[in-house]
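In the block that follows, a single chain appears as structure tokens, in the form predicted on its own.
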């Protein structure tokens, strides 16, 4: 029996996630949105694309939450997107209302599902989703994967090497305070300094922190969706295929890195149970201070939505 993947929000991120997951044959897809006609139309379009890749999965679009019943995994992308001049935090109140309502429906119809949250501001929205009553290790925020692949893209471009040779890790919240770990970044196992100057590395770090707004400023009427969707699908595949893959994502801390009671970006082993283990790595004093600042910022956002 194929896994069932439900995606709440049929905008650019949700629909692209549905398409990529279907093309990989990861499971049957349910696409849900409040705008009647959009999930049905996009779902049918995705379904009709699958014979090219010889993928036999079902794709269903609709507006009713009862269609997500018995889902193995639910992705929440619902919410407003950023516009030029906006930070992710500017979306806080409205998106908290949307994600709270969506999460209650998911809890009602798919209580056993693993939930991946994509809506911004990401770390705060994971808290909002978890408040619906899911086990903490089955609610995960997608951010670190996206930030890390942006980091890798910029490193490969500057170094003139294949991105296949680049390994990266970004810690902390999904915002301007994120922490691209240059100490963990490698090109074919070698330190970045082997290929790049200190100035180049500093520029890449800043570009990574502002990777989302760079795209928003180009698009003007929306935000990124191809790279976010690809990042979500990597998490879906790791979970449903029980790959035990280490990926950076927003997870619930219970003493790891010296903090408890907060969702924030850390490397974690993802498998069929959700977050199966949080991987703790050694941080410099500067990195620890930056991480603590991240935690404080996330807690401030969470308090603003009454959690």
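All values reported here derive from a predicted model rather than from experimental measurement. Positions refer to the first chain, counted from 1.
Missing here is the form predicted together with a small molecule; even so, the following discussion is about that form.
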Hey, in the predicted bound form, does residue 75 get a heavy atom within 4.5 angstroms of the small molecule? no
Looking in the predicted bound form, any heavy atom of residue 80 within 4.5 Å of the small molecule? yes
Is residue 52 close enough to the small molecule in the predicted bound form to count, meaning some heavy atom within 4.5 Å? no
Taking the small molecule as it sits in the predicted bound form, is residue 298 near enough to touch it, meaning that at least one heavy atom pair lies within 4.5 angstroms? no
Option from 220 to 228, 106 to 114, 157 to 165, 197 to 205 whose residues, in the predicted bound form, bring a heavy atom within 4.5 Å of the small molecule: 220 to 228
Can you pick out, from 279, 44, 69, 34, the residue that has a heavy atom within 4.5 Å of the small molecule in the predicted bound form? 34
Pick from 185, 98, 130, 213: which residue has any heavy atom within 4.5 angstroms of the small molecule in the predicted bound form? 98
